[in-house]
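Below sits a lone chain in structure tokens, taken as the form predicted alone.
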Amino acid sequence: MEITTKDYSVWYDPEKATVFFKGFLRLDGMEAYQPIINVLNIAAENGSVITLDMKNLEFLNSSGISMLSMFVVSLRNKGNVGLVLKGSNKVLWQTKSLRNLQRLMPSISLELG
């Protein structure tokens, strides 16, 4: 499953149990993020551990951070899916926001490279 626009791409690779993010995600409100939420939910249904690879996501607005937070809380409440977050120390928003997601679900494995 893949969503591609001129600004961003989000795709799920079931063989790697990974959702990849690339570009600039600045959608307007939670409704606009619904297709991405759908991709995340499909990934969560198919694996015991999923990875969100955000190393190439240069920007995520506050609505996107809220969307990720809600997804993390839903995984925590299910209790049967592990989560790995891959990010980049070179992308400023990731160093702070991805660590904050770890507060919502302490079992998250955070890999900042």
Partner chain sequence: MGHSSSSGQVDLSALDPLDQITLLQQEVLALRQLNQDLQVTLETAVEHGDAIEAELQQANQRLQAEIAERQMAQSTLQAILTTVSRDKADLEAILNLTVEHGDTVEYHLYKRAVEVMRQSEELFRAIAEASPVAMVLTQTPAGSIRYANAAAAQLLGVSEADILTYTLGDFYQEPDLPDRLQQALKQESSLVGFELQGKNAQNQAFWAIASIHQVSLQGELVWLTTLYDIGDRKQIEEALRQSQAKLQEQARLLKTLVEYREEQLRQSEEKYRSIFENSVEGIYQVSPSGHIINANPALARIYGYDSPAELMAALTDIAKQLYVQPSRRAELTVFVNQFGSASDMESQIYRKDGSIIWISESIRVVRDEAEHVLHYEGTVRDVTEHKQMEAELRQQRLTSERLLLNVLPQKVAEQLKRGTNKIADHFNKVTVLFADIVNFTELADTVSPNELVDILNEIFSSFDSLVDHYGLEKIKTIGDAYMVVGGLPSPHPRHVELIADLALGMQREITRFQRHDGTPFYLRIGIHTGPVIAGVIGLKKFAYDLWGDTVNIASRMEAHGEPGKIQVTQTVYERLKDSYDFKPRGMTAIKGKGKMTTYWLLGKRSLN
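Numbering follows the first chain given and starts at 1. Predicted model only: the values in this text are computed from it and were never measured.
What follows is about the form predicted in complex with its partner chain, which we do not show.
Would you kindly say which of 36, 60, 44, 83 lies with a heavy atom within 4.5 Å of its partner chain in the model of the complex?
Of 36, 60, 44, 83, the residue with a heavy atom within 4.5 Å of its partner chain in the model of the complex is 60.
Would 10, 32 and 40 all count as contacting its partner chain in the model of the complex, using a 4.5 Å heavy atom cut-off?
Checking in the model of the complex: none of 10, 32 and 40 is within 4.5 Å of its partner chain.
Can you tell me whether residue 56 touches its partner chain? I mean in the model of the complex, with a 4.5 angstroms heavy atom cut-off.
Heavy-atom contact with its partner chain at 4.5 Å: absent for residue 56.
Does residue 101 reach its partner chain in the model of the complex, with heavy atoms at most 4.5 Å apart?
Yes.
Looking in the model of the complex, any heavy atom of residue 88 within 4.5 Å of its partner chain?
No, residue 88 is distant from the partner.
Decide whether residue 77 counts as a contact residue for its partner chain in the model of the complex under a heavy atom distance cut-off of 4.5 Å.
Yes, residue 77 is a contact residue.
Partner contacts for 84-99, taking its partner chain in the model of the complex and a 4.5 Å heavy atom cut-off
Those in contact are 92, 93, 96, 97.
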